[in-house]
Every structure is written in structure tokens, then in C-alpha cells.
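The chain below stands alone, shown as C-alpha cells; this is the form predicted alone.
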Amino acid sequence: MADNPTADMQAAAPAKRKGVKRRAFLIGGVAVVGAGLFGISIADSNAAKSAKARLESDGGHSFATWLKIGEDDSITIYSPHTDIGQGSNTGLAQMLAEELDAAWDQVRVVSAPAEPAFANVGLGRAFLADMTGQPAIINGIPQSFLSFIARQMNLQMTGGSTALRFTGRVTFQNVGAATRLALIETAATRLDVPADELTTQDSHVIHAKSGRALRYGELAAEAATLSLDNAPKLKDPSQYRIMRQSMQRLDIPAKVDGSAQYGMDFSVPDMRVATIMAAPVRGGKLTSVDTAPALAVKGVEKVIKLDDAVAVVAKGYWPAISGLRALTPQFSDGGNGGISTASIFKAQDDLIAKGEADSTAGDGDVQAGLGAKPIEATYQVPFCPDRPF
């Protein structure tokens, strides 16, 4: 019996249609992903332009979001971290200024604007690399994509020793080194000499052969138009002049003379201030409060009862705190009213006596490690109860 070509064609048609649909799906998927990445790249470029415009609105020329060089040679570093006494902003300034070869007496650090364009992408990348243990994979993720995620998270945070080991090492040192190369490239063009004949020191690009030198301030405008090296070579530690040195803390003068700005110093027209009194014992609940004494204070507008606290809203801090102090709220103790240093120590001693202490043991022979004469000691920390204010 002869073959039926029509039947063969009809049988093959569904497979062909499936193949076409599959290819169309794959091509369409690639197009969607490509369009998404293109859109993210455009958004990243717009964010960089926004940051640049923000920094340069009062003069100077910005580099990679975190650095601005003024024509007067001033070096302004924008930190996405809060320095609350640990000295991290001075450390960040040292890391950037070292790679930049900046004159330290011209360096200052200010807080980066709390805007998405100043999201801390370097921290996000370094944290992911550290958390996953796969830095090669994380470093392979496009910068624009990580920037997009960081902006969505409004990523500016302080904690976990992330300032120096993440922002400093991943971002600030590279920004300093890349900006230095851009300044050298600009100076080489201006002086009509090879770039490898130029050195940098104290915010100057120097051509030793001719004895000529150019200030960073007079090079900044042109250098800021150049594309920065994404992976500049960093200094060998033996070359450090600023890092690993005990420098005068940049934050101390303002904290001493009262000019430092904190969150409570921030104000906008018609702003209201709220003060809060929480249950003095963990687990406690607000059972009752007479709001009249607070509302009688001039400037107080509202008393808000919460599950475990009471808040007073007023036209300023003083009426708000005065209103709060006028209240006598009643709280339950949540079953924890009897907890004290003495009760905690007794509970710990009882557990130790029963051999039920909460501890984690590692591998190895403890007795052998301690030797024939073990040394014993007990360490206890007193209970620090929360206070309402």
C-alpha cells in the first residue's frame, strides 16, 4: 500500500506548530528580558544624572555619585552611612582620599541625600557576595540591575560593620582610584605628555620632568566628563599615606560646638512632633489613661492610645513631652513584673546546678585543652529594664 503524503503532512503539522510556538515563546521571552534590562539600564543612567545634578547644584564637579571636587580644590565625600560615634565616616574618607591622593586638609564628609539616586549599591553587592559565599556569581550580576534593586529598597543603612568593609572597600576605594586616573588623563592632555610620566600628590597632578603641576580643582570639570574605570588598580599598602594612620576625626568638631545636625533638628513648615510612653515591662499592655491633662497643655493636639503605649502629638517637642509627662497611664505587666537582676541570676544558677545551662559545645577534648588545672569563672550581666522615657 502506497504511502499517504497528505496524511504524513497532517501528522507533522502539529509538531511543526509546537516548534514554531516554542521558538516564538523563547524569542519573545528574550525580547521581554532584553527590554527589561534595557529599561533598567536607562533608569540607572537617569538615577546617575539625577545624583550628579543634585551634587553640582551648588558648584563643583561630581564623580560616581559619592565624590565632588570643587574648583577651589575642596574634596567633598558623600557618605551613605550615619556616624554615631564609631568614626566610620572618617575611615571612609581616608579610604577614598588615599586612592585619590587628596590633600587631607581639604577633605570633608557630609551625609548623602536621602534619595533613591544615592542608594548604596556597593553595600548591596558586597553583602550578597559575603552572605552567599559566591562573589564571582554576584559580581557577574549587571550593575544596573543591582542599582535598580538598591533604589527600590532605598538602601542607605548603618550597621553590621558594613561601612568600611563593604562601602569602603567595594565602592569608595574604587571611586578614589578611578577619579585619580581621570584626573591624570585630563592632565596628560593639558600638558601634552604621556600619562605614565605623571604622578599625584596632595590634590595635584605632577609632571616631574618639566616641573609642572596642575591642581585637581582646575582639572575637575573636564575629568568629570570622562568614563571612570570600573576596576582601577588600587595602591599597595606600602604606599599608604592616609590609610592606617591615626587621623583627626572629621565628625568631632561639629559634635563639640553643637553644629552637628541630627534627626531631631530636622524641621518643615507646620511639622508636628510626637512623644511616646511604652509599657515599662516587656509584654505589658495599656489598660487605661486619662487624656485630659495632656490635652490641657498648650500646643498639644492629640493623644493616641496604642496597644502597649500612649503617644502625644503637639506643635513642638516641648509641648509634646510636657503633655506626655502630665499623663499617668496604667499598664499591665504582661506577667513579667517580677523579673529582676536577682531573679535572673537565680534562674541561671539553678540551670547550671541542674546541668541544663544553655550552651553550645564544639568539637575536641575540653579537659585536654585546658590542661591539668582548669580555670573556672562566672560572668553575669545585670538586667537593664526598659524605661518609658
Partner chain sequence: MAIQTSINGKPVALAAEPDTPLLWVIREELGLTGTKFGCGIAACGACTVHVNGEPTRSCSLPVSEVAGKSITTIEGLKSADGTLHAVQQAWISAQVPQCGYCQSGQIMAAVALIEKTGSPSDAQIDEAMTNICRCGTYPRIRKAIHAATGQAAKATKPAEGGA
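Under this definition, the rigid core comprises the largest set of C-alpha atoms superposing within 1.5 Å between the forms. Remember, it's a predicted structure, so these values are computed and weren't measured experimentally. Positions refer to the first chain, counted from 1.
A second form of this protein, the form predicted in complex with its partner chain, is not displayed here; the remarks below concern that form.
inquiry  = Within 4.5 Å of its partner chain in the predicted complex - does that hold for a heavy atom of every one of Gly59, Asp192 and Ile206?
reply    = Judged in the predicted complex, none of Gly59, Asp192 and Ile206 sits within 4.5 Å of its partner chain.
Residue among Pro232, Pro293, Gly316, Pro280 with a heavy atom within 4.5 Å of its partner chain in the predicted complex: Residue within 4.5 Å of the partner: Gly316.
Original post:
Looking at Ile304, Ala188, Ala260, Met157, which is the one with a non-hydrogen atom within 4.5 Å of its partner chain in the predicted complex?
Top reply: After the contact test, the surviving option is Ala260.
Note to self: Is Ile252 near its partner chain? Define near as a heavy atom within 4.5 Å, in the predicted complex.
What the structure shows: Ile252: contacts its partner chain in the predicted complex.
> Though only this chain appears here, would Lys298 touch its partner chain in the predicted complex if you measure heavy atom gaps against 4.5 Å?
Replying inline: Judged by the heavy-atom cut-off of 4.5 Å, Lys298 is in contact with its partner chain in the predicted complex.
Query raised in the report: Does the 4.5 Å heavy atom contact test between Ser161 and its partner chain in the predicted complex come out positive?
Result: No, Ser161 is distant from the partner.
_Given that its partner chain is not shown alongside this chain, does Val256 nevertheless sit within 4.5 Å of it in the predicted complex, heavy atom to heavy atom?_
Although its partner chain is absent here, Val256 would touch it in the predicted complex, with heavy atoms inside 4.5 Å.
Picking from 198-206, 283-291, 81-89, 177-185, which part of the chain touches its partner chain in the predicted complex when contact means heavy atoms within 4.5 Å? It is 81-89 that comes within 4.5 Å of the partner.
Judged by heavy atom distances of 4.5 Å or less, which residues of 265-284 approach its partner chain in the predicted complex? Sequence-ordered list: Asp265, Val273.
Align both forms on the core first, then report whether Pro319 has a C-alpha shift of 2 Å or more between the shown form and the other one. Moves: yes, 2 Å or greater.
Open item on the list: Once the core is superposed between the shown form and the other one, does Gln173 show a C-alpha displacement of at least 2 Å?
Closed with: No, the C-alpha position differs by under 2 Å between the shown form and the other one.
inquiry  = If I superpose the two forms on their rigid core, does the C-alpha of Leu226 end up displaced by 2 Å or more between the shown form and the other one?
reply    = Not so; Leu226 is displaced by less than 2 Å.
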